[in-house]
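There is one chain below, alone, in structure tokens, taken in the form predicted alone.
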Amino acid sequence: MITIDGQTKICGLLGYPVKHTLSPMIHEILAHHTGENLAYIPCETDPSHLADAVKGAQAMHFLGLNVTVPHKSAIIPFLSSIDPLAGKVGAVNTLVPEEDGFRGYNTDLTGLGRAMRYDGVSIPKEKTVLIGAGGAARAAAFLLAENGVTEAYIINRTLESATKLCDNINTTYGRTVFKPLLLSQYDRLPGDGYLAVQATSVGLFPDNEKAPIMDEAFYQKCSVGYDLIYRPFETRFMRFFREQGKPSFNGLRMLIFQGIEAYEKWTGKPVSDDVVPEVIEALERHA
């Protein structure tokens, strides 16, 4: 139980809406384990008031902020600086105070990488397919590129969005990393053995029985599935893999590790992976 007093450090979440967030529970556990007197407050922020919210948090000496939809890109002009990796992605989700404002970071990207390592999922140099071309897919795509992927595919409902994201990453890294395909063209993926990262909202509660691709033939081409959705904890996408005896994972560890990465930046205290099972148990019990 958090005890609020004059020494309590305040962190917050800027988003619209934020009533559904699980982040306060994550940070309460992290604070307990590291001995921090810290409170984490969801701050529902209308887009028209975003600049005022950043200034207000600076004036009130917030220890740090997370940023969620729809503000991850819109907030960048109101920051005093931005981490180079977040600059490449073009989105931030973590703000750390500095002398004249906040510096923006993207712990969605680094948190996903840490979650994959925790789950024992290695990123291959090729044979990777990313489903989706929105914000979550963007962070995942840059993670893959940062880890040296040499050939991968982005498949999406609209080819225009997939092509735009591919072009953006290929230009940024100066090499042809990603190739676009329509979602309906998944059968054109050459060979098999793919790591499949699911980064759309298809299958999100309450549409639990939906997957972006409902054909078992696609899952026969893949060796492991990683769904960035964490509600429900087992999506239809994941079940397609498990029905074929293949490993699959949800996005809960990504959520936890992006929070851990933010917490470490705010407090300067490292967080052991040993705390992760406790956080998972608390979140699953809450849900």
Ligand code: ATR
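When you see a residue number, it is the position in the sequence shown, counting from 1. Owing to the predicted nature of the structure, the values given are computational and were not obtained by experimental measurement.
The next section is about a form of this same protein that is not shown, the form predicted together with this ligand.
Annotation: in the predicted bound form, residues Q58, T94 and R103 none come within 4.5 Å of this ligand through any heavy atom.
A single residue from the set G134, P77, G120, G193 has any heavy atom within 4.5 angstroms of this ligand in the predicted bound form; that residue is G134. The contact with this ligand in the predicted bound form, taken as any heavy atom within 4.5 Å, belongs to S201 out of S184, T171, T150, S201. This ligand in the predicted bound form is not approached by K88, whose heavy atoms all lie more than 4.5 angstroms from it. Interface membership of T158, defined by any non-hydrogen atom within 4.5 Å of this ligand in the predicted bound form, is confirmed. Proximity to this ligand in the predicted bound form, taken as heavy atoms within 4.5 Å, picks out 158-166 from the listed stretches 121-129, 158-166, 106-114, 172-180.
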